[in-house]
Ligand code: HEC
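The chain below stands alone and is given in structure tokens; this is the form predicted on its own.
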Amino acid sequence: MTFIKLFNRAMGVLSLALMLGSTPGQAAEPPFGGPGSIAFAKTLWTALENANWVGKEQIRSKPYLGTEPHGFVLESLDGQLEVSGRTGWVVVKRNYGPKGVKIDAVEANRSKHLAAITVMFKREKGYDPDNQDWFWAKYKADGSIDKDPKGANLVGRVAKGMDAGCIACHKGAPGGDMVFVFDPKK
């Protein structure tokens, strides 16, 4: 075999290994905060902006009283969203603070009180079958990816297998769909 054929075959094997290594659920990518999760979270944010789910022209809903860890006043939206040519269910929760903030204060100036935006997006079947294939993301008010106290990016299968965090909390949602506010099965 010539050097060129060997090189091309090696590149093909390497390409396949890289592709398999980035497949959801593979050990090469950590459950959350890894490069694949970060890239998808950025693409998700862009799709949310383009659909006016976030940003200056965002769709608004009626704020309601909330609790930690999300916020003391919340605003939630849900529906279908297209991300990279695939449509999935999305739940967007705008988290307002600080402690003691009132609903009327949030309605008067949402941007002043917006602390974070948390998003659940239903990925393709097999992404995380143990957790209904949800992708989790926590963004700062400016749309950048938020981090936990240890510096981990809060995107992907956030806190999978842990006793606390997104997945652990949402496993307690009624109906077994991991969603507290809306029922995406309807």
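It should be emphasised that the depicted structure is a prediction, and the values quoted were computed from it without experimental measurement. The numbering used is simple: start at 1 and walk along the sequence shown.
A second form of this protein, the form predicted in complex with ligand HEC, is not displayed here; the remarks below concern that form.
Colleague: Counting any heavy atom within 4.5 Å as contact, can you tell me which stretch out of 63-71, 29-37, 125-133, 48-56 lines ligand HEC in the model of the complex?
Modeller: Among the candidates, contact is made by 63-71.
Colleague: I'd like to know whether residue 91 contacts ligand HEC in the model of the complex, with contact meaning heavy atoms within 4.5 angstroms.
Modeller: Yes, residue 91 lies within 4.5 Å of ligand HEC in the model of the complex.
Colleague: Using a 4.5 angstroms cut-off on non-hydrogen atoms, would residue 41 count as touching ligand HEC in the model of the complex?
Modeller: Contact check for residue 41: no, nothing within 4.5 Å of ligand HEC in the model of the complex.
Colleague: Scan 138-170 and write down, in order along the chain, each residue with a heavy atom lying within 4.5 Å of ligand HEC in the model of the complex.
Modeller: The stretch touches the partner through 138, 165, 166, 169, 170.
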